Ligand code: EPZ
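Next up: a single chain in structure tokens, the form predicted alone.
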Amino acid sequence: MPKFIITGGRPLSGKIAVSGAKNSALKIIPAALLSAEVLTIKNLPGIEDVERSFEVLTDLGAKIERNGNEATINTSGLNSTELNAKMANKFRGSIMFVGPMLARFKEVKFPHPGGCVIGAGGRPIDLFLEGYRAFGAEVEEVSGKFYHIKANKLHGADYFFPLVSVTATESMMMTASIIPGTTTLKNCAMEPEITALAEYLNSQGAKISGAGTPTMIIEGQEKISAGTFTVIPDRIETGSFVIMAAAANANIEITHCNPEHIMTLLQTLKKVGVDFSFGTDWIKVNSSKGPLTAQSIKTHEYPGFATDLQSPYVVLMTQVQGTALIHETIYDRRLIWTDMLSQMGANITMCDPHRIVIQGPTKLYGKHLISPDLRAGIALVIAALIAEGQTEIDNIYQIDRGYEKLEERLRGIGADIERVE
């Protein structure tokens, strides 16, 4: 299994480009199932989760052609309504195929989705199952690990999400777009990826209003077309690179991004004292001329402080003056990884599974580490870049799931990072 070997302390500078958004790509690929026409995807990130998604589609009978960061998907010849268990178990995003398949074929069989330590057992799919039932489907569970969903006739529904969920919102929105009747979804997630997906579906004949707000209304259509979708910039990668530049006290320009998607982070970094400027599609971070000060955060659904940026932000807080309280409100196990940061020299106190206190600044030292999940993985990379000595990070498959050719792009701004098979 590959690993990263990083020698820290190297000065970083230059430009680094943001790839297409993982959380946008992993929703447009299943959306190909809503139409028998050919879907073309541009600005597609070359990441592991995209490859796994294509494996699932190909196994179902879809035809996929790749050309760099573009792909075409033809689902007219699908010959199965059952997701391959070995494939679907590898990543959380496999759940996104269920709604479109149910809407188009009125039946789908699938295993409980897999993923990293965050996504494995700690993120149940109750919201999805309840939503499918609201559309008139019958859900049969086999030992809680395999599901068979079918319906003679689906219909629109008035559904309130008891918890705000991006993937559940997108799944219900896609499903409702091609089933009879009007669906009203309340307490929806509001992430930019949802708006981008809705805009594409509307351009192909769907009738979705309210995307990006807590309430959406979908008027189901008999069928929709397929066209061209350009994946939006990855806001989590954007934020991770901005935080990396601040932690390394470096002059770095982040390009091909959308600063509007990370305004809460930028406002927080302004309070920390980070010197930056931004335009329509770029953010430039300048090395600090004075000390940075700690700022506590509490993660929240969009447009609040993104839980996926909490891990990199923790690394930054180890390098600034003062005490910061990090309150993780979304996932139960997202702070466990900070024990590895403590091994590197950070002064972190675990208050409970949802809160840690960081006292900074502290010097970090290279260690042999194992990436437990995608976002903790990029945080460990940032920590290694600013640490003294050499760091080995194993299980970088988890990092590859969401960051395309990360070591190549980091070397482009001066990092000493090597991938070792």
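Since we're looking at a predicted model, the values are computed, not measured. Just count from 1 along the sequence shown to find any residue number.
Just so you know, the form predicted together with this ligand exists too; it's not on screen, but the next bit is about it.
> Heavy atom within 4.5 Å of this ligand in the predicted bound form: which of Y313, F128, F241, F97?
Comparing distances to this ligand in the predicted bound form, the residue within 4.5 Å is F128.
> So which of L26, I356, L39, I396 gets a non-hydrogen atom within 4.5 Å of this ligand in the predicted bound form?
It is L26.
> Which one of these stretches, 265-273, 318-326, 162-170, 342-350, sits within 4.5 Å of this ligand in the predicted bound form when only heavy atoms are counted?
Heavy-atom contact with the partner occurs in 162-170.
> So in the predicted bound form, are E253, H256 and W282 all sitting within 4.5 Å of this ligand, heavy atoms only?
Heavy-atom distance to this ligand in the predicted bound form: none of the three under 4.5 Å.
> Does any heavy atom of A196 come within 4.5 Å of a heavy atom of this ligand in the predicted bound form?
A196: no, not in contact with this ligand in the predicted bound form.
> Evaluate I330 for contact with this ligand in the predicted bound form, applying a 4.5 angstroms cut-off between non-hydrogen atoms, and reply yes or no.
Answer yes; at least one heavy atom of I330 falls within 4.5 Å of this ligand in the predicted bound form.
> With the cut-off set at 4.5 Å between non-hydrogen atoms, does N249 touch this ligand in the predicted bound form?
The answer is no: N249 has no heavy atom within 4.5 Å of this ligand.
> I'd like to know if K109 sits close to this ligand in the predicted bound form, meaning any non-hydrogen atom pair within 4.5 angstroms.
Because no heavy atom of K109 falls inside 4.5 Å of this ligand in the predicted bound form, the answer is no.
> Even though the chain is shown alone, can you say which residues of 304-323 have a heavy atom within 4.5 Å of this ligand in the predicted bound form?
Sequence-ordered list: T307, D308.
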